[in-house]
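The data below hold one chain only, encoded as C-alpha cells and taken in the form predicted on its own.
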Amino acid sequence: MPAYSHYQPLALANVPHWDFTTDVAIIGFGATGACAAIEARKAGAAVMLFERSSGSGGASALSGGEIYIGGGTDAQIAAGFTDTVEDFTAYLKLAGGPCVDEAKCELYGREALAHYQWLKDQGVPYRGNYLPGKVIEPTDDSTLIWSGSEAATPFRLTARPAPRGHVIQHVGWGGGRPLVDILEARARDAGAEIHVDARAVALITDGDRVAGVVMRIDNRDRFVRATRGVVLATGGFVFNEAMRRKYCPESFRVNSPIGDKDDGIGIELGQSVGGDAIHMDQFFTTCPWTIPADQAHGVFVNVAGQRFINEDCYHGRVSRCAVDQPGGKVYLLLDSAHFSQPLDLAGITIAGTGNTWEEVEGELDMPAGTLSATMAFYNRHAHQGRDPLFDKQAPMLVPLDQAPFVALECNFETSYFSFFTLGGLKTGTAGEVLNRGGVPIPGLFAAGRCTSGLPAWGHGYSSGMSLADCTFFGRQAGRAVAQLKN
C-alpha cells in the first residue's frame, strides 16, 4: 500500500478509486469549519466535513466564546459608547502591527455588524449588557467587555476607544463550547455530512488545481473527490515542536500551550501545493496577572528594575512584551492598597517585600538605585496624573506608595504563560490560499488559525480576534468555494 504524505500531493491520475464525492470538503470541525459548512450549504453546495477528533470543537471550544465586534453594536450603543466603522477598522490595523493585512481589516470592519447579526440568526445568544473594568473573561452572562488595548497608548491616539469584546450569554468560563455546539447544530441542520475520527493525509491535485483529499478513516486511506474545492480549517501549530523550532523559536521561552490538535497539518498541506506560510514567528501569550483585577494598577519591571510597557494595555500585550525581556522573568510591583493573593493557576510567587522600595530592591538582589529610582520617578509623576515614559492612563495610573510593598515574580518557565501560534497560510479576503507570488491556488481555501488573519501580531492581539477571524473568514471561504464550478 503506498504511503501518502501531507508534504506531497497525490496526483488525480494516481487515485486508485473514490470513496466519497462531494462539492466541498472541509477539514476541521471547530468554529471555522462549521461556519464554512453553513455558508457552503446555503449556497447550494454538497458538503463533507471531516474532523480528526471524535466530535466538534477544536481550539474554538476551549475559548471563552468572545468575538471581537465593533462599529456600533446594540450592546455598545446601550452602554453609551460611540464606535464607528472607521475607528473599529483603525484599531484592527493597529493591532495587526507590522503583520497587518489591511484588506482583511477593512472588509471585517465594514461587515462586522452584519456578521454579529448573522451569529444571532444562527442562535448565538447575547444578553446585551456591559461589564466594566479589567476583565479577562466574564463569569456571569455579560456581553460587552474591554478586551484589548483600546483605551491605552498608542492605540487610543488613533482610534477612539470603545469596548468591543462580545461574549456569548453563558455563566462561568468556557463559552466557546456552547458557541461551537450552536454552530455545529446549524451545520448539521443545513445538511453537511459529518465524518469524525478522520485525519487528513494528503491533498489531491488535478494539474495545479486542488481536487480532493486523502483522509485516514478506520485505519484506511479514503479518497475524497471535492469537485469545487477544499477548505482547510485545522488550527495552528502550537503542538508541533519541530515547526515551532523552525519558525517560532521564541515561543519556547514559555511552556503552557493551549489548543486542541493544533499540529500544523493544515499549514503543511497548504505548503505542499505551493501555499505561502507567513508571519510564522508570531505567537500570543498571556499570564493572568490581572486576576485579581486590582493588580492591574501595578507596575512591571524587568530584572534590571526598568519598566518596559504602559501597564494599562491588554493583559496579553503586557505579557507578550514581558517575554521579550531578558532574564527569564519580570516583576509586578504593588503596594498594600492594590495587592491581593494571586490566582493559584497563575503560578505567580512573592519574590520580595519591604517597607520601602529600596528594601524590595535589596531582596531582589538588584543594584542599589535601580528599581528604587524607577519607582521614585513613577510615583512622583503618578501623583501629578502623568506617566512621561509610557503614557499610562487613569484609572490604572496610581501612585504605589502605601507600605508595605511587594514584588510578584512572573517566571516564563514556571508561571502560567499560556500561548498559541498566529502565523499560517497567506489567504485573500475570500479565504483563497495564495502562493508566494500572491496568486490563488485553484480549489484551495483556508481560514482560522491555520492562516495569518486578523490576529496577526502577538504584541497587538485582543481577546475575541481569533473567533472573529475564524467565524467571519470561515464564512467567506465557504461561500467562495461553493461558487466555483464543478
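The first residue of the shown sequence is 1; numbering continues from there. Small disclaimer: the values here were computed from a predicted structure and weren't measured.
Not on display, but discussed next: the form predicted together with a small molecule.
Peer 1: Using the partner position in the predicted bound form, report whether L62 sits within 4.5 Å of the small molecule, counting heavy atoms only.
Peer 2: Answer yes; at least one heavy atom of L62 falls within 4.5 Å of the small molecule in the predicted bound form.
Peer 1: Given that the partner is absent here, does R199 sit within 4.5 Å of the small molecule in the predicted bound form, heavy atoms only?
Peer 2: The answer is yes: R199 has a heavy atom within 4.5 Å of the small molecule.
Peer 1: In the predicted bound form, does G57 come within 4.5 Å of the small molecule, counting heavy atoms only?
Peer 2: The answer is yes: G57 has a heavy atom within 4.5 Å of the small molecule.
Peer 1: I'd like to know whether M465 contacts the small molecule in the predicted bound form, with contact meaning heavy atoms within 4.5 angstroms.
Peer 2: So M465 counts as contacting the small molecule.
Peer 1: Note which of V47, I27, L444, L454 lies within 4.5 Å of the small molecule in the predicted bound form, where distance is taken over heavy atoms; exactly one does.
Peer 2: When the small molecule is considered in the predicted bound form, the option within 4.5 Å is I27.
Peer 1: Please tell me which of K261, R186, R127, K134 lies within 4.5 Å of the small molecule in the predicted bound form, judged by heavy atoms.
Peer 2: Only one listed residue qualifies here, and that residue is K261.
Peer 1: Have a look at 109 to 117, 372 to 380, 351 to 359, 227 to 235 and name the one stretch with heavy atoms inside 4.5 Å of the small molecule in the predicted bound form.
Peer 2: Of the stretches listed, the one contacting the partner is 227 to 235.
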